[in-house]
Structure formats: structure tokens, C-alpha cells
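Just one chain follows, in the form predicted alone, and it is written as C-alpha cells.
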């Protein structure tokens, strides 16, 4: 059975973005520090079309595993463009990634504002207005038997947890304290997690959890 999986970088104090987010700084003040561990990895560079010889090792192995699993992606409007409201007023209405996004698969974007499917390179962005359950069902149908990845942001992760949709979480804990910003969990989530794996390196600690279902 295909699963809904989350891979996300988070600060030691629980934030996935810093304060004062803008279009120019979508991760807020200090937020880019959460992802510094991944930018030089061979797997990340290859998936984003970056030339050069990247680093290999345990961190790279985990990212390769993560990239190979999904057949579709689920994300929120803020993850797609950083905007809100009418698409006509969104300066990043085509997304962050230019003409060749790194996904290469269907991406389902949760939004309150209808829009026709946007095709860029090998990626199709499908905009869903009738809730996270509908978005997940559409993503699962499009994934061709593979898993569905939750790309964020925090609000979509919280919605997936509350709806009982999320199966696994892999949290990449960066040795950073942001002090404020967007929390991965806002305090309204409940449930039990089972630790499946812990991998550490000098720049990040990876903790993989399974969501324990009620009997």
C-alpha cells in the first residue's frame, strides 16, 4: 500500500522557517541554515541540475532514498509560491523553480484559489481546493503505486497528521536555534510515534518515525 511520507528539516527548537518571511526570503530570517547540510550533496546537486562533484556518504544516501520513493508530491500554497490570495496578485505565481522544477512528477498544491494545471518541464502542478484528503487521494492515484511525499509547509504537515493520513516522518534536525518563526507542530497534534532510525553526522541528525495507528 503506498504511504504518505514526510522529509523535512527543522531547527533544534522546532521551527521549519524563521521569522519575517518575505518573497525575497521565503524561509525567514535564518531559515536557510536549516538546509545547509543538503546543498553540497551529490544527490541534491544532481536533482537540481547543479554541476560539480557533490559529497557522498550517509547524508547523501538518505537523500537518494528520499528522492527515489515518491511518485507524487503534496504541498501547500506557501510552499509553492510563498503567496496567498488571488493568483493574479502573486509575484511568484509560476512557483520558485523556474521552467524546470526538480520534481519530475505530479505535484498537488493545496490552495483556496482555483487554477488550471500548470506544466513546467516534466512536472505538473495540480491545484486542489477541496481539502487535504482530496489532495492526498488524487496524489495517491497519480503516484502509480509509489509513495506520496509531503513537501510542506508546516500547515499541510499538521493537516495530514490531524486527518490521520501521514505514515512516516523523517525529520532532519539542524544544530540551529531560530528562536521564532514557523513551527513544524503548533500544539494541536496528538498521537504516538515509533522511532525507526537515527542517523547523525557533523551537520545534521536524521530521525525517522512511524506514525502509530490506534488499534
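Numbering follows the first chain given and starts at 1. Computed from a predicted structure; not experimentally measured.
Omitted here: the form predicted together with another copy of the chain. The next part is about that form.
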* Structure fact -> Answer key, another copy of the chain contact in the model of the complex at 4.5 Å (heavy atoms) among 62, 154, 38, 171: the residue is 171
* Structure fact -> Picking from 175, 54, 58, 164, the single residue whose non-hydrogen atoms come within 4.5 angstroms of another copy of the chain in the model of the complex is 175
* Triple contact flag 15, 186 and 193 to another copy of the chain in the model of the complex, non-hydrogen atom at 4.5 angstroms -> yes
* Structure fact -> Only one of 143-151, 39-47, 178-186, 62-70 sits within 4.5 Å of another copy of the chain in the model of the complex by heavy atom distance, namely 178-186
* Asked: Does another copy of the chain come within 4.5 Å of any heavy atom of residue 20 in the model of the complex?
  -> no
* Any non-hydrogen atom of residue 25 within 4.5 angstroms of another copy of the chain in the model of the complex -> no
